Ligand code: NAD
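Let's start with one chain on its own, the form predicted alone, as structure tokens.
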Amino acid sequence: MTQSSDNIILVKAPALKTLVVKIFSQAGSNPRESELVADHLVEANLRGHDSHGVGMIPLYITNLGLGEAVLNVHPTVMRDLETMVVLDGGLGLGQSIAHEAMEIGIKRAQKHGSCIVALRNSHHIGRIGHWAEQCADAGLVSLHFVNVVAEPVVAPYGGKVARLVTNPVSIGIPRQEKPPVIVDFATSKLAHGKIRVAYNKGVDVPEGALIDSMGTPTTDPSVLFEDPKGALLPFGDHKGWTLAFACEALAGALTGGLTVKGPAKRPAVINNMLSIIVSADSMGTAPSFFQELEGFVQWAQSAENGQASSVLLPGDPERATRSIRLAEGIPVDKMTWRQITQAAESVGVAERALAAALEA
């Protein structure tokens, strides 16, 4: 049975995935797309990134209804140089579009040693670490720059007004017979979705992440959702801002996509992504790569740094959270659950399907 507290319910991952598949199937997605979207969203929740999990369903369903996201489309090849491919997502659901883009890039990198994939004009592609994991599962190193074309929510370093979005970066590094290292972070101090989760829960966010409309530091998440609007700040001050700028240049402009140039003119959340995928096997460095990598890991986690478990590698916290949530269930705040319920009912999902997810 699903457990609940005053503001949180726990839903088992298989039941939640079944529900998400049902929602997108009812909305019109074909079976493969429904599975890809459900896998991605539930996996984001399992790994503790609720900002990119099932709480995104209401936005996706709304944008589908407005024609700002498109079902059952595939990336269109705009330019193909074998080791470089430019793709247009046609506003397709990003969980499907980016998956197919990575499939193309992986095959090319395995054949030629490397591939640059320029993906533009996709609807929201979700947790970027998911795509680094897809490449790492194929034994490939990958680097991903992403920009977000939507309502600006992040102020540049030195500014007081939002001028860009959270522009994430991810790096995937495979290991031999061990889980990969997955670097995955927004260039803002917190992901926009994490502020949304805090807003729905009615809790404050950590200090140092937000400013209000006057440029004054605040912990109140409502400043991103209620007028007058405030802004998120870049992580690491000028360092986050420069990385965010690089994402606009590399993911937005270089791919042939859009950059943020003003307030949003449409409700779509558009992502552009520049991915660089590399095979250590093809470079001829695989044996030394894995050996040197493990040597560094042992050094970083050596006894002088305390308990081995106190020095975590990128991706370790997500794997630990995943184990807990698989066993105990995925926490969803009741406001977010109501929003998901409304979205599901809007596409004709029966009340019994929603109840079944809570009862599993």
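Predicted, not measured: the structure shown is a model, and the values here were computed from it. Position 1 is the first residue in the sequence shown; the rest follow in order.
From this point on, the text means the form predicted in complex with nicotinamide-adenine-dinucleotide, which you will not see here.
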In the model of the complex, which of the stretches 252-260, 80-88, 124-132, 137-145 has residues with heavy atoms within 4.5 Å of nicotinamide-adenine-dinucleotide?
124-132
Within 4.5 Å, heavy atoms only, which of His99, Lys201, Lys194, Arg108 is in contact with nicotinamide-adenine-dinucleotide in the model of the complex?
Lys194
Just one of Glu68, Glu35, Glu318, Glu43 has a heavy atom within 4.5 angstroms of nicotinamide-adenine-dinucleotide in the model of the complex, so which one?
Glu318
Is Val183 close enough to touch nicotinamide-adenine-dinucleotide in the model of the complex, meaning at least one heavy atom pair within 4.5 Å?
yes
Tell me, yes or no, whether Thr166 is in contact with nicotinamide-adenine-dinucleotide in the model of the complex, where a contact means a heavy atom of each within 4.5 Å.
yes
Quick one: is Pro331 in contact with nicotinamide-adenine-dinucleotide in the model of the complex, heavy atoms, 4.5 Å cut-off?
no
4.5 Å heavy atom contact, Leu59 to nicotinamide-adenine-dinucleotide in the model of the complex
no
Though the partner is not shown here, which residues of 267-299 have a heavy atom within 4.5 Å of nicotinamide-adenine-dinucleotide in the model of the complex?
Asn271
